[in-house]
Structure formats: C-alpha cells, structure tokens
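First, one chain by itself: the form predicted alone, in structure tokens.
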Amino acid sequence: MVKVLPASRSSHVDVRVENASRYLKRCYVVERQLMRTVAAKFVDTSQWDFKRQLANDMWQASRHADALRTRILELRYPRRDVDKKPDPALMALVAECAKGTAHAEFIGGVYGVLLPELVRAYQGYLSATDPLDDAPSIYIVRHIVADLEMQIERMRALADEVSPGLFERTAAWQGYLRQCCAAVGGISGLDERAPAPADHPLAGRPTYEIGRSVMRDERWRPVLFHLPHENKYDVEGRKAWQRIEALDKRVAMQVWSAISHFNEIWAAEVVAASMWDFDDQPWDFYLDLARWAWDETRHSTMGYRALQGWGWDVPDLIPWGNALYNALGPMPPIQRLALLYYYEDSLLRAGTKQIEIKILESAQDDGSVQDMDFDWADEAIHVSYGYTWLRHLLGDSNAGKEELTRLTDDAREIIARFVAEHKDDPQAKLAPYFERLHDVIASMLHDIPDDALNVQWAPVAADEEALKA
C-alpha cells in the first residue's frame, strides 16, 4: 500500500491528450476532404446561388481544417503525423457523399446529413472535454459549430427559394448516407457501428470525377465569351461594344469592369478544380487555393452586385461565358494553374488595376472603385500563391521557369485554337448582348463635371492579335 491524497476533483471520462487529438483528427479528416469535395462540386454546379454558397462554405471548411490541424499539432507536439494515415473509412464516407448526382443530391447529402453529423460530433466533444484543460480546443470547436449551423440554415433557406422540395426529393440519398455514417461509428468513431449498407439500392455508384467542362445557370442564354477582346473573329460584337465606348470611355469602363468581374467565375473554377486534381500536396497548398477560389467567386459576385445595382435584368443583358474554363478543362491541371498565374501576374505588372481605378474614380462610381480596390488587394495575394506553388510543382530552378513559360505559351495557343474552332458558333456572337445593352445604358446616362482624364487602357488577352486589332 502507498499513501496519496484524495483526488482533487472528479474528471471527465477519458479526457486525455491522446484521446482529444484522435477525436479532433477524425473531424479534421472530414473537414479537409469535404473542402476538396465541395470545391469540385462547385465547379460542376451551374446554379448561380448554390455556386456562391458552395464557394463560401468550401473556404470556411479550409479554415476549420486549418484550426483543427494546428490544435492537433499542439496536442501532439513534437509529433507531426497529423496528415498521415487518415482513417480510410472516413475518407470513403466523404467520397460517397461526392457521388450525389447533379447538385440536388450532393446538397441534400452534405447539408442534410454530413454537416449535421459533424455538428453532432463537435457537440459530443464539447460535452466530454474539460473546459479549463482543453480551453483552446473548445474555442475552436464552438466557432466551427456556429459556422456549420449557419451554413445548414442558409442552404436550406436557399433551397426553399430556388429549388423547393430539394431536401424532400433527396430523402432516399440522405437515408443511405446516414447508414454510411452509422457504419463508421459516426464521425467521432464512438457510436455503435452498424453494418455497411452495401446492399442498399443507391450503393455501388462509380467514383466521382470532376467535369472538364462547365455549364452556366439555365437562366442565362448559352454564350462562350463575355467581352470583345476574347474573340478576335467577332467583328460585329466588337463594333457593338465600340458603340458603348462612344457614349463615354468612363461608361465603358464601368460596364467592362462589372461584366469582367462577373465572369471571373472561370478563375474560381480553375483553382477549385486544381484542389481536386492535386490530391497529394502539402496542406498549405489547399489552404491557399481555397482562399484563391473563394476570392474569385467574391469578385464574380462583385460584378453581379454592380449589374443588379443598375437595375438591369442580368440574365437578359449580360453574357456569362464558359469558354475559358472549357478550353482549359482538358489541359493538365498544372497548365491551367500556370495560365491563370500568367493572367493575374500580367495584370499587376501592367498596372491595369490602378488604371481601372483611376477611370472609375473619374466616373465618380464609388461602389465600383471599392470593388476594384479590394480586387487589386486579392489579386496581389493570388500572384504570390501562384508563384509559390508553381515553383513547388515545377521545381525552383531555371528549368522550372522554362517549363512554366512553355506551359503558358502552349495554353495560350490552345485557347487561340479553341476560339478559332468556335468562331462561327451562334454562342460566340456578342453583338446581340451589346446592342441591347447600349440602349439601356444610353437611357440612364447623366452628366458630371469633366476632370479631363485621358483614358488609356487595354485588357490582358490570351491572343495578342486581339489587342492589335
């Protein structure tokens, strides 16, 4: 026998560092895989309202995963195995969610099953852990729960508005995924495990593959391009745009800026697709690309907000193109990323954003100036992301620089061929849009004092001949 003092207090059951880190790692694995899966489904979703929320929630998942990862590393210090040997059953669970057909099943499965299961797992953690010893984890988990509950509430409200009955229509898929969750003991792994639903009618679907082309929301007419510099063969479209320029170069910049921002969704799609295509990169690669894709979606929403702010029927008046992503889709993912980096780096080096801001200031369009100012700040970060990760992917050497140049030049040639191959498609003609838009713009113009700004501006284009024209 030995002598000891009585226990100073009663402790929570099984609250030890190893148990806490194991539990949080399961949540981290789900958040990390959910981030990549939502990124891919964002690309494949055409409905504009759903698309925007998926981008937001993908980015929030990246923040959740990063906070959990950091906390797990703190708990396990100096161990660094947080990204090694993820539970294959949890990986398979998220992979099963990706198999939801179209956007309805995916949204029903994620927001009707997976996110509520995550919330339940986090709440289980909060009820079991010690509020003093594990206070940093509690702070993180409480904020994640608040995000997830808001995501679920917002998506359900959105579904009621744009796709009534979505969750009811996908009840069978949700039921199947609940059985899949039960088969792995819940996200916590602590629930009693049920048999895997291998014989379920919805089981056995093929592995999900991201689309290499995109469709736009059916409310918009199908269109390949969005501004005249993209298609040098569209002479009538260029002439129709020049009629808008003739109203005033400031007006043209206001409209150009909004349309261009709205169509930046292609850049978000390129980055989000890269998050899916590259499946074995360092964690910070995904964290940076999640922010990049979300930023580009925010820019697209900036344009949409500006167009709506003028009271325009956006689907009727504004082209929302898919040519850039569809031309890039078949390329290797590193080539897509290289071309996007080329575009963004070229814009910053040319001082294009600063010039656009000056013109918009001259037009006294404070809202568009603010949008462009924040866009400029974001794009500077994106160039650093592209520089960092292309160096990583290609190698930090002169050979890597040469390969980057080759990839970019080849990609621009592929886009030029795509334009030439589709130059006669009805969907390649922009004149009908700009002719309708001209009359709407002309009816809204008002006078302001002339500040005598000499408007000199040209866009960056994949095909330099388009600029010469």
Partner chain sequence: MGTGRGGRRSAEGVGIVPAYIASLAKTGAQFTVEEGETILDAAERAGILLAYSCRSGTCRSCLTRVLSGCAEHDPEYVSELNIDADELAANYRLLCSALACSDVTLEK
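Bear in mind that the values here come from a model prediction, so they are computed numbers and not experimental data. Numbering follows the first chain given and starts at 1.
The form predicted together with the partner chain exists for this protein as well; it is not shown, and the discussion that follows is about that form.
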{"property": "Listed residue that, although the partner chain is not shown, lies within 4.5 Å of it in the predicted bound form (heavy atoms), from K401, R412, H422, H438", "result": "K401"}
{"property": "Sole residue of A194, L73, A172, A380 within 4.5 Å of the partner chain in the predicted bound form, by heavy atom", "result": "A380"}
{"property": "Contact label in the predicted bound form: W376 to the partner chain, heavy atom within 4.5 Å", "result": "yes"}
{"property": "Proximity of R349 to the partner chain in the predicted bound form, heavy atoms at 4.5 Å", "result": "yes"}
{"property": "4.5 Å heavy atom contact, W283 to the partner chain in the predicted bound form", "result": "no"}
{"property": "Partner proximity in the predicted bound form: R178 to the partner chain, non-hydrogen atom cutoff 4.5 Å", "result": "no"}
{"property": "Options 148 to 156, 352 to 360, 108 to 116, 296 to 304; stretch whose heavy atom lies within 4.5 Å of the partner chain in the predicted bound form", "result": "352 to 360"}
{"property": "Stretch 364 to 391 - residues with a heavy atom within 4.5 Å of the partner chain in the predicted bound form", "result": "W376, A380, V383, S384, Y387, T388, R391"}
